[in-house]
Structure formats: C-alpha cells, structure tokens
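This document starts with one chain, in the form predicted alone, laid out as structure tokens.
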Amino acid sequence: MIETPTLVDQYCHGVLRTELGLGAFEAHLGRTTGPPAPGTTFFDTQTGFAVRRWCPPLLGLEPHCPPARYLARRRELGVLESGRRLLRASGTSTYLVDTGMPGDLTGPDEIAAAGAARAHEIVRLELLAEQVADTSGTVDGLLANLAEAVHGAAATAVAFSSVAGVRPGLVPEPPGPGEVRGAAGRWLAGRRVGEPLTDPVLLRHLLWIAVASGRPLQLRVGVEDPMVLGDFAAATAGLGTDLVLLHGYPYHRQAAHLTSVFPHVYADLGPVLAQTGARAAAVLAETLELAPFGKLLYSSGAHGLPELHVVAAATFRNALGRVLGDWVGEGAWSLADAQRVATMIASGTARRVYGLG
C-alpha cells in the first residue's frame, strides 16, 4: 500500500468568494470558454464525474449524488464553510498560488486560512508588466520600472510564471536593447489600459529578466508542444534558474522528455489528472516512462472551485497508488522505493525547487 504524504500544490489559483448557481458552477468544469453542446452539460466529463465521486461525502452527501442536490447542499452550508471543508479534506499542506487570474478569487493568505495550510505567491510576469505599463508614461520609465518590479517581486514570491511566453518560434536569446526599446514604444503607443501583453519581444525580455532573478520560472505549455522550449532550455542551462513546465497534456511525454535532457527543467502534472479522471493512472504511467522521478511535481492547477483541489488531490493519490502499487506487486520496484518516489512527487521535489524547507 503506497501512502501519499500531504501535498505541496506547486501551482494553483484562488477560489471564488461568491456563491454559484448550477450554470456558473458547471462552467468551471469545462475546458473551453464557451457553453457545452446543446442538450449536454459539463458534468458529463471526467472532471464532472470526479467531482460527484469525491466531493459530496465531504459535505455530508452520498457519492455520485445529482448535481442539483450537491449544489443545494453547498448553498445550505455557505461558500465559506463548504470551501473550508473541501480544502481541508484535500490533504494539501502548502499552496503556491498564481495571483494573475482575473475574478473575485481568494489570495494566498485566504486560501491558507481556509485550508489550514501554508501559502506562497507566484507572480505572473504578464500581469506585472501590464500593471507597470499602466503607470509608466515613457519607454525609459517602463523599462526601468519593469526591471525594478521584477526585482522587488523576487524578494517575496516563490516563483514567476508566464502563460504567454511559450509559443512556436520562440527565440532563445535575450532581445537586444534596441529591440526592447522599439517593442516597448510600440506597446505604450498602441495599448489601452488593461490590455494584455502579447508582444513577443517584450515577452522574451520578461522571461530573461525573470531568469536573472534566480527564482524558478514556471512556463505554461498548454496545448503547445513543449519541444518549442528546447532551445530556450539549452540557453538557460547553468544559469541557476529552474524552469517548470506547466500543464503539458496532451504533450506530457514531450514535457517529460525535456526534464530528462536538462538538469534545470521540471514538469508538473497539473489539472490533467482531474481532467482525465478514471484514466489518470494511464497518463501518469506515460509520464513516468520518460521523466526522472525527481523531476515531477504535483499540482492541481485548480481555479475557482475548491472542488477542483479535492478532485486533483484524490485522483493524484489514486493514480499514483495504482501505478506504483502495480510495479511493486510485479516485483519491479520495492515498496520502500515506491514510497520514496511518491513522497518526491507529492511534496519533496517542490520543497527543494522552491526552497520551502
């Protein structure tokens, strides 16, 4: 029997402070920004089924109860009490919270209090740049303030993240001063307040400022093939900054491959285990085919719903126990080695990479 220790969630977001109706709740279960197909519901997904499996018992209901009944019980308890029960049942000891998502979301201190855990902030580079641009009237001011803002954030944040920096054609080297000034001038002249940063030169400039900070840099891969980061990983090798690839599914094998090639590259498991539900063990086994075991980190990637923290933790524990337990049962691994690897993935590697102690 593989015992999974308490978890360090190395990448997540806050939870909503407001009560949700059935439609709004259901929208957080989908992987798209649009509605489900006519006549269907996002509860009819692996994530939706996993929520109905793991969350109702934590609120005093039977597993797999109808969504309407579950939401009624959630409203009866209230958003604060239901969130507290759910977060504390996830077995998470530390949350690393990316505060760059929009919406009425709890911050690190609030999620720590609700979950009876610790929490630290991850600073999103794009949002930081947008905030600096909103108060910088000149190119010189923007560039000076941007460097100062990243330096200041590095004093308290455990990591930086970027959701737009990974793209096909990413040039691995830092842009030259002339390139950066030209891109900054165009951005200031044409942007509206609150407009997201998409300029590839400025995004690359941001990545390299973050690399120079020495803080781990989390790069959201999403649906891009992580191999586009190969040259960037090579260029940053030996500089003292770890790169953590976020949410590589369905290219999880490619992300795992990069962790095996570069000593400073890591990968998280992310919300894919919750999204694949009953198939999570198969996805985890595929990742473990290529990645050194000390290069994988647990994360929920949860956003908005405390239920997603529960589902991510439960499916991770279940998948890890099944995969490693099978290998122990076959005699391929010893139980002691399986337990050691489980601890590394669940919390140990994150504590080492982020200096959590």
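So that there is no doubt, residue numbering starts at 1 and follows the sequence shown. The shown structure was predicted, so the numbers you read here are calculated from the model rather than taken from an experiment.
Although it is not shown, the form predicted together with another copy of the chain is what the next lines describe.
K.L.:
Is R124 part of the interface with another copy of the chain in the predicted complex - any heavy atom within 4.5 Å?
P.N.:
Because no heavy atom of R124 falls inside 4.5 Å of another copy of the chain in the predicted complex, the answer is no.
K.L.:
With heavy atoms only and a cut-off of 4.5 Å, decide whether V223 touches another copy of the chain in the predicted complex.
P.N.:
Flag for V223 set to yes.
K.L.:
Answer yes if any heavy atom of R279 is within 4.5 Å of a heavy atom of another copy of the chain in the predicted complex; otherwise answer no.
P.N.:
Yes, R279 sits close enough to another copy of the chain in the predicted complex that at least one of its heavy atoms falls within 4.5 Å.
K.L.:
Should R17 be classed as touching another copy of the chain in the predicted complex when contacts are defined as heavy atoms within 4.5 Å?
P.N.:
Contact check for R17: no, nothing within 4.5 Å of another copy of the chain in the predicted complex.
K.L.:
Among 269-277, 89-97, 207-215, 162-170, which stretch has residues with heavy atoms no more than 4.5 Å from another copy of the chain in the predicted complex?
P.N.:
It is 269-277 that comes within 4.5 Å of the partner.
K.L.:
Please identify the residue among P56, G304, G294, G325 with any heavy atom within 4.5 Å of another copy of the chain in the predicted complex.
P.N.:
Only one listed residue qualifies here, and that residue is G294.
K.L.:
Since exactly one of A27, L61, L290, A314 fits, which has a heavy atom within 4.5 Å of another copy of the chain in the predicted complex?
P.N.:
The residue in contact is L290.
K.L.:
In sequence order, which positions of 322-336 have a non-hydrogen atom within 4.5 Å of another copy of the chain in the predicted complex?
P.N.:
Result: R322, W327, E330, G331, A332, W333, S334.
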